[in-house]
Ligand code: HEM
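So this first bit is one chain, no partners, the form predicted on its own, shown in structure tokens.
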């Protein structure tokens, strides 16, 4: 698979993942919090999950593959020897944080969502959205030669 094709799939995955979380954060979550109605978030999540999770998986796979075009090994990124290595290492760290928070939200909060833990889920959603935006920005830095 060529570099350009991998990049296209990576960007499509990013568009779905980050775009979906921006919609959730900007439109769905405020309404759910205002009405104290966890079902609003649950309804969105049940539909979004069908494309959001595959998009995240595509991003992980293509991201690892793309990193191999730049580095000998993904672990080599943690040498932080230049801006490229640093950006890739930061993306890996943010990805791991995203995965931990997303799994925690899915397993511990969304499956048992009530008005009592809606605010806690809101913090998860906010964090995942910010992490997604940071991953996008760092990826742009990789493609444009750093910051």
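All of these numbers come straight from a predicted model, not from anything done at the bench. Positions refer to the first chain, counted from 1.
FYI, the form predicted in complex with protoporphyrin IX containing FE (HEM) isn't displayed, but the following is about it.
- Interface residue among 100, 26, 51, 64 relative to protoporphyrin IX containing FE (HEM) in the predicted complex, by the heavy atom within 4.5 Å criterion: 64.
- Using a 4.5 Å heavy atom cutoff, 18, 135 and 143 all lie near protoporphyrin IX containing FE (HEM) in the predicted complex.
- The closest heavy atom approach of residue 10 to protoporphyrin IX containing FE (HEM) in the predicted complex falls within 4.5 Å.
- At a distance threshold of 4.5 angstroms between non-hydrogen atoms, residue 3 is in contact with protoporphyrin IX containing FE (HEM) in the predicted complex.
- Put simply, residue 88 is close to protoporphyrin IX containing FE (HEM) in the predicted complex: some heavy atom of it is within 4.5 Å.
- Residue contact check for residue 129: none of its heavy atoms lie within 4.5 Å of protoporphyrin IX containing FE (HEM) in the predicted complex.
- Comparing 118-126, 54-62, 39-47, 103-111 against protoporphyrin IX containing FE (HEM) in the predicted complex, the single stretch with non-hydrogen atoms within 4.5 angstroms of it is 54-62.
- Residues of 90-104 lying near protoporphyrin IX containing FE (HEM) in the predicted complex, listed in sequence order, are 91, 92, 95, the criterion being any heavy atom within 4.5 Å.
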